[in-house]
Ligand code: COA
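This document opens with one chain alone, in structure tokens, the form predicted alone.
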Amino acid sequence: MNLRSFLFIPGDSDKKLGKADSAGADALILDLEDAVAPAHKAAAREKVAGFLKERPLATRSCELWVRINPLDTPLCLPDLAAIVGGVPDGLMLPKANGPPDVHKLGHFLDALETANGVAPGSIGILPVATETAIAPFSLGDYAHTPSPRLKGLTWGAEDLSAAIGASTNLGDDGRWEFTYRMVRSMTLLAAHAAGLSAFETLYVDFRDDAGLMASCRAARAEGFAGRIAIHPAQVPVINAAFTPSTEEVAFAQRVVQAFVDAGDVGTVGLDGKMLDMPHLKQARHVLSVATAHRPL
């Protein structure tokens, strides 16, 4: 997926739903789970279903995703029954324990797409792959049990800390504690092992643009493709951080051209440095991302 930013929108908020189209995010996540109080779940379901149906696929300015309630709750199937007819681009699956949950959700979607006259396989799945204590042990399995609906992996720290009874997920220095750094890295590796995009988790302080930018740049340098936002103000920062700069694009073009000029070789010299196939692969990746978000 060539997506840089996912913005959470509470599914029961008329005010926030009304402003969602102008947020500038590559994708909206219409939330039926944690952002909605239990008493408002049914109303949120109706609002999100209406939001989707008012925006047919061909008219959407960004992708529309829905975070449903977990598979093991009685809220999940009513969520699906309400929203599949509106053809969301994808579903965020919270508290996924591993690939079997993705496949189970895929089977539900197979039936509901058929029942609603939706093209088979239209709706993708993005699991939050680290929110339960058992989930990290299954991360590598995503590469061995692929699903055509699976569009990427993301991770989460808040629900995991609650699941294991932790009082915090941050150290005294404000950085993730080891457990959360570990599952973050494992999610990144698992996504790439499965040929998928990895998406960084949210940055809690929506007023700290400088901190968000630094965190996003570090995440992109490590191999994350984009990030989840919890406030519209975070969207332009995330989009900028995950879009290659003009300088990066120019250098990538020079790398590719150097290999073209050299012919059938495995290494080339550029600016006094020797470059080989991994450098060429990275340059092509930079150009692909840049073309998707800043046409060359």
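In case it trips you up, residue 1 is the first one in the sequence shown, and so on. Predicted, not measured: the structure shown is a model, and the values here were computed from it.
Although not depicted, the form predicted together with coenzyme A is the subject of the following passage.
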**Asked** Does each of Lys19, Arg67 and Arg207 have at least one heavy atom within 4.5 Å of coenzyme A in the model of the complex?
**Response** yes
**Request:** Spell out, yes or no, whether the shortest heavy atom distance between Ile230 and coenzyme A in the model of the complex is within 4.5 Å.
**Result:** yes
**Request:** Mark Val289 yes when one of its heavy atoms lies within 4.5 Å of a heavy atom of coenzyme A in the model of the complex, and no otherwise.
**Result:** no
**Request:** Tell me, yes or no, whether Ala43 is in contact with coenzyme A in the model of the complex, where a contact means a heavy atom of each within 4.5 Å.
**Result:** no
**Prompt:** If you check in the model of the complex, is Lys15 within 4.5 Å of coenzyme A, heavy atoms only?
**Reply:** yes
**coenzyme A: the contacting residue among Val268, Ala35, Cys62, Val249 in the model of the complex [heavy atom, 4.5 Å]** = Ala35
**Segment assignment from 199-207, 179-187, 72-80, 214-222: heavy atom within 4.5 Å of coenzyme A in the model of the complex** = 199-207
**Request:** Could you list which residues of 5-22 come within 4.5 Å of coenzyme A in the model of the complex, counting heavy atoms only?
**Result:** Leu7, Phe8, Ile9, Pro10, Lys15, Lys16, Lys19
